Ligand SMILES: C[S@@+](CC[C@H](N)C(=O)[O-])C[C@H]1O[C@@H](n2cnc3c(N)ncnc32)[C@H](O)[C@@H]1O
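As a starting point, one isolated chain is supplied in structure tokens, in the form predicted alone.
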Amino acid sequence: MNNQPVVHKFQQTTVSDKAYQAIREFIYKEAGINLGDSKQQLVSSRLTKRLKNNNLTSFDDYADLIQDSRNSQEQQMAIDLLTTNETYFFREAAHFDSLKTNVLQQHPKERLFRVWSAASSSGEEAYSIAMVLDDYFGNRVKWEIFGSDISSRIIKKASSGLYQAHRIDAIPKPFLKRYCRKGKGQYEGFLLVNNSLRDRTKFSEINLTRPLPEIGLFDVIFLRNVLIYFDNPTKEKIIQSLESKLRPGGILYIGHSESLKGMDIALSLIAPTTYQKK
């Protein structure tokens, strides 16, 4: 007789066509993101642990779970996991050069300068902008940065300003010395953005496919490497919404693989991936 204990292993790694279609519909409805026809592996890699956490054995069961509005906490978790994108400091550096040479030089010193990092993820973009503004303006001009993302979990991380040291390689050395603190003890291997920047950089959870809250007007909006995840009608809706938050003459930066061509918007292309409100 075999007295060996029976060990049950969690082996769910595949997503059925039915479950994938349901999850696609869920994330499109909630976040406007079109996963396409072949992102089953991405869904599996990001959500498999949620099956285990909820004691489920299939993605079909998980799809049923998140389609039920009574499970709002799990719905938010699924949105967080499916929409979080990789980012890093000073990504697409040409935009930061453009910001400094073409925008900051022309800003009237008596007016507050406001920037919106509209898909800020874990905050690297927002803090990169903060370093540029503080370095250029000094005490001559008041400025502030607003960062937003659909993921509540990632917004919390961004607000902390704490990053693993290997993620900061692109920060210019003078900025690294002036604006960042090296972690010690339990924070060994981490870096903390200085309070002077964090105090002027605020983050909030915003779904860009929904009506925007009252957040005021901005001189510059960054919306980079995000539009590629949406279908064309959703892209145009988002851009029209952001356009309403730009001051006349304000600047919108998008990612280098993105375009606003053919959209019904009051923005003019003034340089590659750089648009100005008419």
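Small disclaimer: the values here were computed from a predicted structure and weren't measured. Numbers for residues come from their place in the sequence shown, where the first is 1.
Absent from the display: the form predicted together with the named molecule. The rest refers to it.
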TODO: Report the stretch among 193-201, 178-186, 118-126, 102-110 that approaches the named molecule in the model of the complex to within 4.5 Å, counting heavy atoms only.
DONE: 118-126
Open item on the list: I'd like to check something about Thr84: if you look in the model of the complex, is any of its heavy atoms closer than or equal to 4.5 Å to a heavy atom of the named molecule?
Closed with: yes
- [ ] Would you please decide whether Ala78 lies within 4.5 angstroms of the named molecule in the model of the complex, comparing each non-hydrogen atom pair?
- [x] no
Task: 4.5 angstroms heavy atom contact with the named molecule in the model of the complex for Val226 - done: yes
Open item on the list: Although the partner isn't part of this model, could you tell me whether Ile150 comes within 4.5 Å of the named molecule in the model of the complex, counting any heavy atom of the residue?
Closed with: yes
Task: Residue (of Ile145, Leu133, Ile171, Leu208) lying close to the named molecule in the model of the complex, criterion heavy atoms within 4.5 Å - done: Leu208
Task: Heavy atom within 4.5 Å of the named molecule in the model of the complex - residue from Leu65, Leu56, Ala31, Leu242 - done: Ala31
